[in-house]
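Each of the two blocks below gives one form of the same protein chain as structure tokens; they are labelled structure 1 and structure 2.
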Structure 1
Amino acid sequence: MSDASQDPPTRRDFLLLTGTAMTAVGTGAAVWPLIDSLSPSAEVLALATVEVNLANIEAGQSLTVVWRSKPVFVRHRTEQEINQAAQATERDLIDPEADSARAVRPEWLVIVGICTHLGCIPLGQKTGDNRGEFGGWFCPCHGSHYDTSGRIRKGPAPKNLTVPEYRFLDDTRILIG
């Protein structure tokens, strides 16, 4: 047999190539629905929003609401907590972010209560909870400490607690989502 690359392409080469290509495309098209069927389905994706009434949350108290099956922490921060959060400089932070960029109004902090390490729910919502070394939240699973702005300060978590999209409907109501 001579070196195939020297020969001009034949009809057979063409058929083989296009045939193989079409088989690959066809297989992909057949397998994709199987794979994608595992993704979140339409009814799960149907975006839920939640409205939260802030009127009954005193300064220093928190509320946990469920949004897209995740807990969201709504915290009415005290003066001291706001100051603590504002004081942290970039050098203190693992994932630097200014407190002002995380709270639409400084006295209200709204964050997704899921540890950015491996998804546990940090402690700190109830009175008497361990709030960690920075007075915010503490994740017991692998020891992540969050400050009063929900920013990661110590431990294995890489990111600050996420701030979900939300807006104030009026002074005492927010809409999350």
Structure 2
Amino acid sequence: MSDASQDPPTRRDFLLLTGTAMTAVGTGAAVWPLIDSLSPSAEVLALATVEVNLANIEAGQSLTVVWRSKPVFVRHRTEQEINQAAQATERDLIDPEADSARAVRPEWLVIVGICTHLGCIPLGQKTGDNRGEFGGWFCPCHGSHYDTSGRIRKGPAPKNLTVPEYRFLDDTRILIG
């Protein structure tokens, strides 16, 4: 009697092995585009960090940059704006957070410019914009008022404007992200 493990390979074995290999390759080729589509695009990866030159922004002026497809407001705050933000007490704030926790350096405020209520872009970056009752930003869509630290003070927005991760590279440049 001969042992089945010692039988020479047959045409059927060859077809089974070839069919299995082709199925594995075909499945991989079909699934790879799906997996690859989940990766961030080159455009998004390029905007993972943004370097901002602060040298030309005078006190009282703002700059809007795009970071991860979101507007980021960079404001060179005046002494009056810094003092106004520091004077707010916890009971004045809907989402209590100290100004010192929001600004690495008091004269520079960096926040994501998207209203935390429904994702609108608040006014207050341009000269002549309505800055709301607290001198920061105002979202006219639903009436949210933010102060000079980007904290929600009045209106339906539940949270303060988000502070992105950023750091100072030197006195005139920051890196967001």
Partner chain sequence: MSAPHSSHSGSHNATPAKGFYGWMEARLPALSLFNKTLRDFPEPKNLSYLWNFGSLAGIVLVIMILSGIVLATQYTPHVDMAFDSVERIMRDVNYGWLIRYIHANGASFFFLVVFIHMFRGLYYGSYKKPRELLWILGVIIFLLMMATAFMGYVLPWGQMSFWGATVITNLFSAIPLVGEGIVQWLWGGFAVGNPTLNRFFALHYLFPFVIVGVVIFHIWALHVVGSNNPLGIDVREERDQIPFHPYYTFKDLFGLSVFLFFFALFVFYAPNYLGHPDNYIPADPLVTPAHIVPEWYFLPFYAMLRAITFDIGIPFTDIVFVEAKLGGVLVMFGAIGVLFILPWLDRSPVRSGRFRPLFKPCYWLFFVCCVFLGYVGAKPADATLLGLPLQWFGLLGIVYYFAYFLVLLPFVLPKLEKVPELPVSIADAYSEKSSGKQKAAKEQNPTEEGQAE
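Residues are numbered by position in structure 1's sequence, first residue being 1. Rigid core here is just the name for the largest C-alpha set that superposes within 1.5 Å across the two forms. Quick caveat: nothing in here was measured; it's all calculated off a predicted structure.
- Note on provenance: structure 2 matches the form predicted alone.
- A displacement of less than 2 angstroms separates the C-alpha positions of Thr162 between the two structures, with the rigid core held in common.
- Superposed on the core, the two forms differ at Ser37: its CA moves 2 Å or more between the two structures.
- Taking the rigid core as reference, the CA displacement of Phe14 between the two structures comes to 35.8 Å.
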